[in-house]
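This document starts with one chain, in the form predicted on its own, laid out as structure tokens.
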């Protein structure tokens, strides 16, 4: 393990230039890997255990959140031995309900904060939002960066805001959402990744899931390579969370291949990698049943998120 007693801040305007064609070609190669049956089954179970089961709707109710928390703990009772998901992600107002519903399960409660999904509010409001979610019992905070300030080149503002939210998190882990679909280029994705990590992010995350495009393999690869470079420089591991647009198990397995070949075995667990998805869980469950029985179960055998 590399260690460092002090992290020197870089000039974020000088973040590495990203070769778009090269990244897209490398990402495409991960889709051609062949996965054997036993490895595939283990991979599907790992995907399940990496999911942040999420509901972030204006029409969310306590009943819906409780139902999602039950599903998080009982993904498919007809097949014992399946893992639980990693976390349930909700709005701050639903954290207390979710926390009680998963008590004793080991499942984390994540909460979006900082004027999610736009981030268009004052720092005072964002810090208050974060502290409220943590006080309600959130184990993890998913914050959004101020994309407008980032596009104006106000990198120090973005850095300071992330650092302030990290401080407000206390013991809760911080996932920093870049909203890569609004950043526009791989160069900007890399710069935003660097800012977030140096400011104290425990995870960097692609998207809110509220705009398109959300997570893509090339964007995720850029972020994984940023994490790798940061680790080489500082000795500090940072987690990764692609979110939005990952609804099929085949695609999720490709992300795991990319993760292992880019960052290695140490990142192959839900401490350091998550999928921000809900519909993905049902597709993975269908694939697990298919691997065990040879036939697919109909979609109505699984709960609707």
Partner chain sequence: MPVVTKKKAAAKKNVIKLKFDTNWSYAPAPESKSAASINSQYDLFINGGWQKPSSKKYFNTINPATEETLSEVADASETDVNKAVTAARNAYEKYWKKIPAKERGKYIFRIARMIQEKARELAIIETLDGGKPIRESRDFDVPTAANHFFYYAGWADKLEYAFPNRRTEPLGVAGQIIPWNFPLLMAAWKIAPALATGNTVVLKPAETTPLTALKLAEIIQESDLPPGVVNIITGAGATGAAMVNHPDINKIVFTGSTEVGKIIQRAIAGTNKKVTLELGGKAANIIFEDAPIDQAVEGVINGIYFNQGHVCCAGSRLYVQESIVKEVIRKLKDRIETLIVGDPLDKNTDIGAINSQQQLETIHKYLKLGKQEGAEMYESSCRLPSKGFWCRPTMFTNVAQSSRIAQEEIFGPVLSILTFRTDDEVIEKANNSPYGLSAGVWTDKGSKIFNMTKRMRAGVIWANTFNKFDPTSPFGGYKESGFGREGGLHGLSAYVNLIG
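Computed from a predicted structure; not experimentally measured. Numbering follows the first chain given and starts at 1.
This next part talks about the form predicted together with its partner chain, which is not shown.
Name the residue from 150, 116, 231, 198 that puts a heavy atom within 4.5 Å of its partner chain in the model of the complex.
Only one listed residue qualifies here, and that residue is 231.
Exactly one residue in 65, 263, 56, 251 has a non-hydrogen atom within 4.5 Å of its partner chain in the model of the complex; which is it?
When its partner chain is considered in the model of the complex, the option within 4.5 Å is 263.
Would you check whether its partner chain, in the model of the complex, lies within 4.5 angstroms of a non-hydrogen atom from each of 60, 210 and 280?
No, the candidate spot makes no contact with its partner chain.
Is residue 239 part of the interface with its partner chain in the model of the complex - any heavy atom within 4.5 Å?
No, residue 239 is distant from the partner.
Close approach of residue 22 to its partner chain in the model of the complex, 4.5 Å, heavy atom
Heavy-atom contact with its partner chain at 4.5 Å: present for residue 22.
Would you please decide whether residue 247 lies within 4.5 angstroms of its partner chain in the model of the complex, comparing each non-hydrogen atom pair?
It does not: once its partner chain is placed as it appears in the model of the complex, residue 247 has no heavy atom within 4.5 Å of it.
Mark residue 39 yes when one of its heavy atoms lies within 4.5 Å of a heavy atom of its partner chain in the model of the complex, and no otherwise.
Because a heavy atom of residue 39 falls inside 4.5 Å of its partner chain in the model of the complex, the answer is yes.
Go through 48-56, 265-273, 65-73, 239-247 and give me the stretch that gets within 4.5 Å of its partner chain in the model of the complex, heavy atoms only.
That would be 265-273.
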